[in-house]
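Only one chain is included here, represented as structure tokens and corresponding to the form predicted alone.
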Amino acid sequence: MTAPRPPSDSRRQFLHTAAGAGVGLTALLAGCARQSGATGGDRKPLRAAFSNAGLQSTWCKLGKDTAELWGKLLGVEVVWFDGEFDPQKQRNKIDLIVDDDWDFCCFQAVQTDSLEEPVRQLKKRNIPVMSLDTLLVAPERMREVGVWCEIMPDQVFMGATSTRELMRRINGRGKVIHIGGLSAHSGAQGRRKGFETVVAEFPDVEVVGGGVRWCDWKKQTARDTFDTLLDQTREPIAGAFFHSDDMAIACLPALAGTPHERMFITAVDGQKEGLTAVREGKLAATTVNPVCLIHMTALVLGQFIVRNQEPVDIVPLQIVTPGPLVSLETGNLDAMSYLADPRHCLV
């Protein structure tokens, strides 16, 4: 599995700046939409199909809440299809709705390529499809399959940023644990690459078990795997990097009363639960995977494309969203907590 290629530095800076500015602009859009009738009045309400990986994840649940909140503001009925962290179940659900009446669709594929055929069917009906967070298909095949735009974080950057903070905390030496998401998930592969790229710079760091342990985003699987790795050595393990806050938080109780209880833990997601764990000193840091911004941007762009009758060739193929590191020292914890609040759904 190949992680999405990050854009050049100049393009990354542009896209990150544009995405950050979009928070304020989108709030303004909601007001403008009400005045112009986009939530009713002289404009037809729109209908959009959404699916993300699995609502048992707090990240995915917040994505659903975001799409529904902003859908109400912009006159878009959001119909949800839970991926259940099972590529076949997600595929079956999307197969069943490709002939229904949609204005646009937004999908986060549980597994790259698993939704290719239904997306092709939607393309035949001229229904725009937005890809969320992870790759529906490889970037060079997006337009041919029917993906109009990929709204995604820089997965490698997120993995590398949290890992570099972990290396700083442990002074670049000692044993560390690497708990991964789903191996067929392009985002998890990007986070793995970010971790391994940084760790390669530190010859005095040893990864317990030899490398990433894939846990399919499941909290119990992560806890069982973590317990097994902790038992492999009585020497204190210095740190751990998790691909999601959910898995990291689920494993925290395992440290009590062990030689490893002073372990530093970093992760990725940076939403309410993870930010609270940072505030309480349970996580050393997390890097924001801006679930609200990703889902909101997909919905806003989708309704623009339909209402403005925009052709596919003027829509950017990829939009990269910003994802800052958050710790007690970075100075952005309060701001991120406010923006990620489910009442706002902005980051």
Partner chain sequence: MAVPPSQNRSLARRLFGRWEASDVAPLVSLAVLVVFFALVAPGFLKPATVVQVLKQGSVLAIVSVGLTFVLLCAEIDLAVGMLALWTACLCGFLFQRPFAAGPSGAGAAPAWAVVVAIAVPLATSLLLGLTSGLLTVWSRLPSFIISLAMMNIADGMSRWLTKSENLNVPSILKTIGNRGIEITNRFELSYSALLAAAVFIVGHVVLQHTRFGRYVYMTGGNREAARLAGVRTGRIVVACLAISAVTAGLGGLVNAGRLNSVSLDQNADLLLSAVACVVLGGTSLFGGSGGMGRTAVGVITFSVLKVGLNQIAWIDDLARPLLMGLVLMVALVVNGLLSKNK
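Numbering follows the first chain given and starts at 1. For clarity, a rigid core is taken as the largest C-alpha set superposing within 1.5 Å between two forms. Please read all numbers here as calculations on a predicted model, not as lab measurements.
If you look for the form predicted together with its partner chain, you will not find it shown, but the lines that follow are about it.
Based on heavy atom distances of 4.5 Å or less, which listed stretch (96-104, 124-132, 109-117, 248-256) is in contact with its partner chain in the predicted bound form? Result of the contact check: 248-256.
Might F157 be said to contact its partner chain in the predicted bound form, defining contact as any heavy atom within 4.5 Å? It does not: once its partner chain is placed as it appears in the predicted bound form, F157 has no heavy atom within 4.5 Å of it.
Considering non-hydrogen atoms and a 4.5 Å limit, does its partner chain approach R234 in the predicted bound form? Yes, R234 sits close enough to its partner chain in the predicted bound form that at least one of its heavy atoms falls within 4.5 Å.
May I ask you to state whether P203 is within 4.5 Å of its partner chain in the predicted bound form, using heavy atom distances? Result no; P203 lies far from its partner chain in the predicted bound form.
May I ask you to state whether G172 is within 4.5 Å of its partner chain in the predicted bound form, using heavy atom distances? Judged by the heavy-atom cut-off of 4.5 Å, G172 is well away from its partner chain in the predicted bound form.
Using a 4.5 Å heavy atom cut-off, are T161, E196 and V198 all in contact with its partner chain in the predicted bound form? Negative, none of the three is within 4.5 Å.
Tell me, which of R143, R168, K72, R213 has a heavy atom within 4.5 angstroms of its partner chain in the predicted bound form? Looking at the other structure, the residue within range turns out to be R213.
Out of 204-226, which residues reach within 4.5 Å of its partner chain in the predicted bound form, heavy atoms considered? G209, G210, V212, R213, W214, W217, K218, K219, Q220, R223, D224, T225, in sequence order.
So with the core overlaid, does the Cα of K93 end up 2 Å or more away between this form and the one not shown? Indeed, K93 is displaced by 2 Å or more.
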